[in-house]
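Provided below as structure tokens are two forms of one protein chain, presented individually as structure 1 and structure 2.
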Structure 1
């Protein structure tokens, strides 16, 4: 019953720990390694404004409107900056097309001016699904219901005939909305088609293929919108905007790839604005020229995960070590590794059967090795223990009582460490601070226990136990000093529940230790050999 209780608790703790860690990794995108990186993009729009004519009293103020990029399911804007010295500006979040615009104004402009808009764009590994409101039904003048009514005997205008013919042909060759859109795209791409030429000639503005396809689809009652954006693929000083069509299909806007002309954007496109407006407009006595630059950047994936958690107001980030002051973070970065070192010690002692001086002495020594370095730490530990044992034996000859003797040994340990710090400093080796972090009390107790073991069990057992303690400290050092493990414990502190579960499971392990198994196996072989000799004598 007790075993079942322990196993159940361990299972629950492990499940909670792994479950919470999995949520943070899969949903909040916390990376599993500290060096995981991701690509972000810096986009910058530079606007050069110049006066058309010298300023005169009565000139209208300069009003410059610039479209701003959109966030989407795939891309988010984490930082935006505007540099517009001498201009007043404001950002409007939404116009009729759902665009964000920055409006800059200035009463008088005597010299050339430059405006910068910069943004950092994060690309999400797992796009966040957004609820999309259904757009109003298109109300195109080319729809049959909106066309001028014909008098008796009057024929349909040629442009309407051409539109109906193209729509009819596309419908005949399609079986769904998507295939219909694909056929429309194919038809408008045929520049030699007389119907396409007729439609282009009938409208006042020159139409691109995307705009013509939108015209035909809206004429058939399908909601569309024209997107303008950037292709994020490489660094560009002068990145041109790209135009593509989005169609409302099955309660969602689906983009049509501008290069492959297939549903779904194959490459990374960020929407800058929607509609038939331009990137910017300017009013007043000024002309403008814009240039958009794109640069790829590499960031730590943890930065993006923390940002994403903050956006979601997630409980995991609210109660995260990353919200603590920096000095507190550094302290917990060390403390969180103590259970890991303890788990290593539990495994070495309970499963392998290694004997050490004290249960957690190697863990504390390994902790000190993090500051001194492994090689210097081992040398210091060995030197202090050897000197301490020699002096402890001398104190024993003086017949001192236990507590005063421990105090004397402690004092000697401090003196030895002080001398080492001063001597090494003369050789240009700065180890004073690292020595101060050595567990002095633990060293004192180790010297005491080693001396007692020496007296009771002999020098061989004492030296062997000392070496095993050192070996355990080195193993614990590598476990506690592992960069990935350090990161995992700090970023996913819920893994402490998994450590707790493993410790509970090991606490119920009562079988042979590995060293006992090897020893008893040799004994069994010896007994078998002895029995064999006895049997041969009887024969």
Structure 2
């Protein structure tokens, strides 16, 4: 009954702890290791404007319109800024195509002007799916219903025949929208095909394959759009935009990879704009030239997570240690590890059956080791305890009363530590400052307990217990000093609930300690022998 209570409570705590941590990891993308990095991209588009006729400048204002990259499920624009000296600028929110543009205007233009647009693009590990509104049915003039009505006996214009033929062939060879699209793509790619040539010739502008495929698909009533974007793969000073086709299938826009020509974008493409417009347009007396540069950055994933949860105004960030002042953060960094150390001790004592001086003494000593480093810490600990025991015995011979004697030992411990600090400082070592955190009171109690044990149980027990305490402290040190664990506790303090749950479960542990198997080994053997004898008797 009581066990059930503890187990269910522990389970609830563990579930809450893990649940919150999982939420933070999966949704807010708090990384699980401190040095998780992720890539961000630094995208810059530089526009150089030059006057067409320098001597005629000033009669017309310059209006320069630049498309801006899109935020998508996968890519988030973090930090956008524009440098355009002397220009007034305005960013228009998404139009019908979802495009954003920046409009720059200037009444009088100098011979040369430069405009910068910069953005940092974060790539999300787990894109958040968004519901996409269905686009309106395409209304292309090539669609059958929009074609000019044919008079009796009149033949369809050759371009329509070519279109129908291509669509027909693709339909014959395909079973689904996807395969149809793929087939169209294949047909369009064949430059020697007369039908393709014919369509190209009949259209005024020069069509790319993507545009031609779009035209054909729309003629068949399939919603498509043409995306212009940037491939984020490596650092490039002059990165050209690429064009790809997106088809609306099954309630979602699916891109067709411009390189692999298959469904779904295989590489990392960020959409810059949709439609058949260009990257920019200029009105007025100027020529423009743009250049897009891409640079890759490596950032700490945690920074991004914090930024991200800040964007979401998340409760977890408001109540997180990262909002504390730095010195408080450092304190909690240590404090949060105490329960971990405690858990290790509980395990060592309850399950393994190790004996130590004082319940949590090794944990406190391990905390001190964090400051001093393991090697110096063990050395210091041993040195101070040995000196302490000698001095304590001397005070004992002087017949000092118990509590004042403890105070005297405490004082001596402090003196010894101070001397060590001063001496090591002389030799240019820096243990000096760090030992100030050495748990002096704990050391004093250890000295006292050890001496008592020495007297009452003999040197063997005392030294053995001392070594075991040291061993526990070292184990606790490794647990508490584990960088990943340290980070996890700090970034996911809700894991304390898991520690709590484990401690509770351990509190109901009633099985044998490991040391008891050794302790009762002889007994077990003789009982087994006895049993055997009995069995033989029966035979």
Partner chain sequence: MLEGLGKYKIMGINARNRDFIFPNNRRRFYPLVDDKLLTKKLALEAGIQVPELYGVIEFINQAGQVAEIAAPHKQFVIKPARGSGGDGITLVKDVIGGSFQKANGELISAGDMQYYITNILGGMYSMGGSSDKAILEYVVQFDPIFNEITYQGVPDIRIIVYKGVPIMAMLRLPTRKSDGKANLHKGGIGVGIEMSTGSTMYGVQGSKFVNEHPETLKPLAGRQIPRWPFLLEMASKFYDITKLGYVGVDIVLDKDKGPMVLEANARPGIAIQIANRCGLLSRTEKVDAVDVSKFTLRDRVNFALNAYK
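The term rigid core refers to the maximal set of C-alpha atoms that superpose within 1.5 Å between the two forms. Residue numbers count along the first chain shown, from 1. Model, not experiment: these values are computed from the prediction.
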item: Structure number of the form predicted together with the partner chain; value: 2
item: Cα displacement of residue 357 between the two structures reaching 2 Å, rigid core superposed; value: yes
item: Yes/no, residue 116 Cα shift of 2 Å or more between the two structures with rigid core fixed; value: no
item: Cα displacement of residue 370 between the two structures reaching 2 Å, rigid core superposed; value: yes
item: Rigid-core-fitted C-alpha displacement of residue 510 between the two structures (angstrom); value: 5.9
item: Displacement in Å of the C-alpha of residue 397 between the two structures, rigid core kept as reference; value: 8.4
